[in-house]
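Have a look below at one chain only, the form predicted on its own, in structure tokens format.
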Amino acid sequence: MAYNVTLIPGDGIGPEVISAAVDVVEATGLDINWERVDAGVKAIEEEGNPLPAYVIESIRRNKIALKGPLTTPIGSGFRSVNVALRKELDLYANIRPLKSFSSLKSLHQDVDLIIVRENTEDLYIGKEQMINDNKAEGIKLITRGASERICKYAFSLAQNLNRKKVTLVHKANILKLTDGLFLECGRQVAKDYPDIEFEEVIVDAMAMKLVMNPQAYHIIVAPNLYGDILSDLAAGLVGGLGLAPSANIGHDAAIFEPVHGSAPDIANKNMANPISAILSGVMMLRHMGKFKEASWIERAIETVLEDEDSRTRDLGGQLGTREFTQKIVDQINIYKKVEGGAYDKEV
């Protein structure tokens, strides 16, 4: 059976790391038709639009996309294409698993948590105005519908993955209406899942607790801004954004992408670490129900990282993007020869 997947290479190092992810996914033997479309800087150059209509149409048609990082100008220019995609396709759940690799030196070991971030509202609606020359105003939007939806997703994910605790992050001690509503919705949803422990933590305390003891957390659910910040913080605990994958999930479509940015300063130099993109491909395969193939890739990364010389430069090794990717492919080919290897259904 062939699968149709929209492929968005992205900007900067995007084409390199997404090419690596494609090579690794194809090494499993799956038959995938990649429908390539461009967004971001290249689309502006060719179409005058960072998000042409055909990109949205392709994702709606195929239901699944693998996407590279896109450049978003700071302070001026077009707004985030990522935010536009999430709004247009109602990709309401941003899923960011953070898991430490035993072979890598990082701030913490035995970390295995998932941040579930509401993806459609909060300050990311982009409603701002200048009140006068010296005063700017931004609107924070929190709705009951979106809050209940993301909390239900978090608890359902915990139930499906046999995770024992959901931690809701908020600032309701100060933002009593907006964050208060998010917290109220979390409390109500928690009543429907009595077998899962529910915990409430104020966002600034959560930042401290994650740094001190990330192993204590299973699934964290948060409004858009807090989820964004905390997921980058948690990535730093396990080795950096180069190891952090993500998924944007909606009822009718899903986009999988590395968390890191486009890093134009190292683009086309065969220096980028492709693990985040490859692990995003792993999340995509599990979403497609291809658990065995996803397990092959994940195990292959762990095995290759055990050899310090077989890592990319940012991880203390000597390999370039292409050479590291080939190591992963070679390891997958070994697993393919073994019948019925063990695998799981983790996110």
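Quick note: we count residues from 1 along the sequence shown, nothing fancier. Being a predicted model, the structure only gives us computed values, none of them experimental.
Although it is not shown, the form predicted together with a small molecule is what the next lines describe.
Candidate site formed by 90, 121 and 280: none of these residues places a non-hydrogen atom within 4.5 angstroms of the small molecule in the predicted complex. For residue 314, a non-hydrogen atom is located within 4.5 Å of the small molecule in the predicted complex, even though that partner is not displayed.
Interface membership of residue 264, defined by any non-hydrogen atom within 4.5 Å of the small molecule in the predicted complex, is confirmed. The shortest heavy atom separation between residue 207 and the small molecule in the predicted complex exceeds 4.5 Å. Interface membership of residue 70, defined by any non-hydrogen atom within 4.5 Å of the small molecule in the predicted complex, is confirmed. Only one segment in the set 155-163, 174-182, 254-262, 128-136 has residues whose heavy atoms sit within 4.5 Å of the small molecule in the predicted complex; it is 254-262. Note on the partner interface in the predicted complex: the residue among 147, 224, 82, 167 having a heavy atom within 4.5 angstroms of the small molecule is 82. Of the candidates 201, 190, 241, 237, 241 is the one whose heavy atoms come within 4.5 Å of the small molecule in the predicted complex; the others do not.
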